[in-house]
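Consider the single chain below, provided in structure tokens and representing the form predicted alone.
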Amino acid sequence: MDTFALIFGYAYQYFDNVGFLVLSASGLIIIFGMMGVINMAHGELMMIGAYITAFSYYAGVPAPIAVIFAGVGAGLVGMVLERLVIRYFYKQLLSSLVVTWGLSLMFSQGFLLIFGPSILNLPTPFGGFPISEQTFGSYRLVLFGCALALVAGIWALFTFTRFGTQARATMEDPAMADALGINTRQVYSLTFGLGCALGGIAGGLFAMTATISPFFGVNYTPLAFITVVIGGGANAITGLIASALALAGVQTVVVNAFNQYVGYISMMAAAFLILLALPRGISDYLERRKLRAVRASRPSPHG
């Protein structure tokens, strides 16, 4: 294998891993970072998105529209869950973990009863392209592009829109936001629904690379949680990107040196070491550094 193909192969794997982690964790980090809820049913919402995508595709709906349907469907399910259950457990990490774990079991077992243990498969689009003696799947690059688009969309939504301003105000000080006339219950509902919709979109996109079954989400939930915990809740977008870049780097290097299993274990070990050094996550560390830099740049009152 020539040098260019080798370098491209490493870069391809790295960006594939980054895209996988970002897509898996994007909805979860919004719910955790902005609402203080550990959503253990995140993988099941991805599973719902995967089923909606599959059924829509086989009903004749184009794949991109089927993925949008997946996001809408998972988002609506999330808003119903928020209204009926989740709103009673905001900022209660242990209680929300137990409750959403129960919801995840209900969804997975419910889908098993309805659809049985049989699996569904969707074709992977776009084919592949050769580099030297190897062939690379084009769809993996599409997933990375979708991950970038989702991150950019989330950042724009929470930075430039009225909903984003209200959401940030609500998460910062709900009582003050309510006093200023913001419908905080609606903001919570829409934010939770958005996080679930992002999970549904991720499930729909991954449905074209993996088999779909009632336990589809099990393959994604652990890595999504690792990414979210390492990212921290101080800044959802910054934490998500920094965590995905770091963990993907570890996985890419170790998988090429050893194998996939050792790469998975190495990410767990890296997460453990990062949390030892930064117990509140990468984003908290970056935010504190930014604050110190701002303070240092201000002129001294005695100068």
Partner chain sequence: MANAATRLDRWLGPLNGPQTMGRGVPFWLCFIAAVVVLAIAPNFLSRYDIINFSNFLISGLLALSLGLIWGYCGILSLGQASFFGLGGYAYGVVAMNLLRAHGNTDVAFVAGILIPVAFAAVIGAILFYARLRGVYVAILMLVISLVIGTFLRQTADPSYTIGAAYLGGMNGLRPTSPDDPLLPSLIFGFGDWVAEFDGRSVSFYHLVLAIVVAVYLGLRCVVNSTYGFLLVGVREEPERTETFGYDVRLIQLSVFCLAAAIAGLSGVLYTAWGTYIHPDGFGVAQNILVVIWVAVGGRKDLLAALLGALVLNWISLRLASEGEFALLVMGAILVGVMLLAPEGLAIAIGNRLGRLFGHGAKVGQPAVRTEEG
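Residue numbers count along the first chain shown, from 1. What you see is a predicted model, and the numbers here were worked out from it, not measured in a lab.
This protein has a second form, the form predicted in complex with its partner chain, left out of what is shown; the following refers to that one.
When you look in the model of the complex, the only residue of 106, 176, 76, 152 with a non-hydrogen atom within 4.5 Å of its partner chain is 106. The partner is absent here; in the model of the complex, the one residue of 180, 119, 157, 98 having a heavy atom within 4.5 Å of its partner chain is 98. The candidate stretches are 235 to 243, 48 to 56, 248 to 256, 262 to 270, and the one lying within 4.5 Å of its partner chain in the model of the complex by heavy atoms is 262 to 270.
When its partner chain is considered in the model of the complex, residue 148 lies well away from it, no heavy atom lying within 4.5 Å. Contact between residue 141 and its partner chain in the model of the complex is not found at the 4.5 Å heavy atom cutoff.
Residue contact check for residue 210: none of its heavy atoms lie within 4.5 Å of its partner chain in the model of the complex. The shortest heavy atom separation between residue 92 and its partner chain in the model of the complex is within 4.5 Å. Contact with its partner chain in the model of the complex, defined as a heavy atom within 4.5 Å, is made by none of 7, 60 and 127. Within 4.5 angstroms of its partner chain in the model of the complex, the stretch 107 to 145 places a non-hydrogen atom from each of 109, 110, 113, taken in sequence order.
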